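To begin, one chain is listed below as structure tokens, in the form predicted alone.
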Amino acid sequence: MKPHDSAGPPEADVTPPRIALVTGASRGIGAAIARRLAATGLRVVCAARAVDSVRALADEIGGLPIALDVTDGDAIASVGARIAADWGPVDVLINNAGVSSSAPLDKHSDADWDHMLAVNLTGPFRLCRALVPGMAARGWGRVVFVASNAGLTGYPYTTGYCASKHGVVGLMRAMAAELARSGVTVNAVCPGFVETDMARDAMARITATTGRSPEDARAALARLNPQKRLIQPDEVAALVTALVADDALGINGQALALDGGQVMH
């Protein structure tokens, strides 16, 4: 029998788990992403405008709940330090928070336009500016924007939403090119209609403006998908999780449609 090595067993891997920040984590796609990332071993910061709205989710997955309004530039500038004080630097940024509205061009107000760009585009830009340089300095990072297939094509009555999501895709591509040799990847997931409150709001608008039943309104949205269905939040979460894996380094600068083939590019 071989004598026991006096040096003892090899040391266990003490590399700390990576830290992910998910915005808009209180429900729908954001909550599904937070759960998926936690299941893979990441420590997940669950961010939403009201911290109470993410506290239960954070308790469920062992996460860190924080209040973060993505339209508040001062809060974004300090969020990295806030998280680092509790856990450490952010390695994975999931820009998920978003809003939408629908109106004809001549009835699309300045206030709606400004709000959609502030939440959907300016907030993610500021978060990237605050957190991504640190990732690059450490030689590893993942950024995923939850955009929309409205960032890949145009739809009527959604000028502000389409413009903001096209801006997200452009931001992603510019960042991916700039950071290509840094160890940080930047990608966007572009779903069609997902079974979330945002889709239910769209159904309600269809019902209100056309007189269709809620069932007919839902079917109208489902028909846009060649698979004749709404995408599920966990499908989006699965793709996001794949993009943040260690072995996804070669996927960079991609706007990945998740809509059953509705938009092909």
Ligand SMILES: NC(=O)c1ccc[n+]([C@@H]2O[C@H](COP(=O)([O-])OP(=O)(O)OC[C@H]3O[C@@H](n4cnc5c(N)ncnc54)[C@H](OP(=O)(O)O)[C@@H]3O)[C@@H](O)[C@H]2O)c1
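Numbers for residues come from their place in the sequence shown, where the first is 1. This structure is a prediction, so every number in the text was calculated from the model and none was measured.
Keep in mind that the form predicted together with the named molecule is not shown, yet the notes after this line are about it.
- Figure note: of the listed segments 106-114, 174-182, 157-165, 86-94, the one touching the named molecule in the predicted bound form, with heavy atoms no more than 4.5 Å away, is 157-165.
- At a distance of at most 4.5 angstroms from the named molecule in the predicted bound form, all three residues Ser26, Ala147 and Gly192 contribute at least one non-hydrogen atom.
- When the named molecule is considered in the predicted bound form, only one residue from Asp69, Glu60, Asp216, Glu235 comes within 4.5 Å through any heavy atom, namely Asp69.
- Residue-level contacts in the predicted bound form: of Val99, Ala136, Ala130, Ala75, one residue has a heavy atom within 4.5 Å of the named molecule, and it is Val99.
- The closest heavy atom approach of Leu64 to the named molecule in the predicted bound form falls outside 4.5 Å.
- Contact annotation for Arg49: at least one heavy atom lies within 4.5 Å of the named molecule in the predicted bound form.
- For Val79, no non-hydrogen atom is located within 4.5 Å of the named molecule in the predicted bound form, even though that partner is not displayed.
- Proximity of Thr207 to the named molecule in the predicted bound form: non-hydrogen atoms within 4.5 Å are absent; the residue sits far from the partner.
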